[in-house]
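Taking the form predicted alone, here's one chain by itself in structure tokens.
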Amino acid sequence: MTAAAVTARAPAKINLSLRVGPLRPDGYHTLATVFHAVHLDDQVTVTPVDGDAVTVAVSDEHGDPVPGVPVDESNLAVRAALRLREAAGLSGAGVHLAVRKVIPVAGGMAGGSADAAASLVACAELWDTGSSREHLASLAAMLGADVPFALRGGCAVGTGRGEHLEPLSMRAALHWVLAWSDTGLSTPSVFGALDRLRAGRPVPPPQIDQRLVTALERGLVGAVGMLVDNDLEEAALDLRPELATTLAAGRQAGARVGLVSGSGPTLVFLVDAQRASRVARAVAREPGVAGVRHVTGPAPGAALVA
């Protein structure tokens, strides 16, 4: 082992475009998405312990417990540590994971995937596994569709279930106001609602609008605002109709566009930097909004914290 404790961080993501194909026989949907990492990070600090147990504790940025996050082997950060330990052929390598949550829980921003990516990076350093980034990415893909992107960061087109990534270069930083809810949304329930709403409709294979890719690569922020979309928004609003009022408030306050992030219920508003405060104040007044934050992207992927 190389250190008594190691900390890594990983970013939240926004889906600038999320196209959802028809339900597959295996119960999943084929996706085409544009991932965008933003400067809103969870941190995972790993500390060696005697024996072979992998334990986890989760707190918010103030040190208070975070409800709704599992603290057993179903926790994605724990699963990441176990997967890496198995791949490295280690025995007796017990570890405690202290997760500091900033990314909203069940908010559509892949906070659990960020924790898993940070856990992989931190444990690889702690255990001195010598794992290449490519090896960590292969382990990430086994853990969940969003984990490879949390490891990579930046901006990328994702296909399959989101795990196949094609990096994009961005010419301009994007400013966002995030508004998260006091209660989360279950991703399976949102996909289920989408299937129900689509019943009887033809669903084409998912495809990203190449105009959005071009706008991102050329730094055309105005065009980006006109081209972002999310097939899951209809389902999220069906389950949580009050979100539509908050979306309208942000747009009226000067946001270029507002949309549901992933499966929701976190809402994201693309703003000009000088209008961020006004938009944040407007959406913070809406019922059910638990917090707001101004962030920028793209952000780098999972990395050690010095």
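One-based numbering along the sequence shown. Everything numeric here is computed off the predicted structure, so don't read it as measured data.
Below, we turn to the form predicted in complex with a small molecule, even though it does not appear here.
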Which one, 100 to 108, 128 to 136, 202 to 210, 86 to 94, holds residues whose non-hydrogen atoms are within 4.5 Å of the small molecule in the predicted bound form?
100 to 108
Scan G68, G63, G51, G27 and let me know which has any heavy atom within 4.5 Å of the small molecule in the predicted bound form.
G68
I'd like to check something about N75: if you look in the predicted bound form, is any of its heavy atoms closer than or equal to 4.5 Å to a heavy atom of the small molecule?
yes
Applying a 4.5 Å heavy atom distance criterion, does S189 contact the small molecule in the predicted bound form?
no
So in the predicted bound form, does any heavy atom of S263 sit within 4.5 Å of the small molecule?
yes
Quick check on P148: any heavy atom within 4.5 Å of the small molecule in the predicted bound form?
no
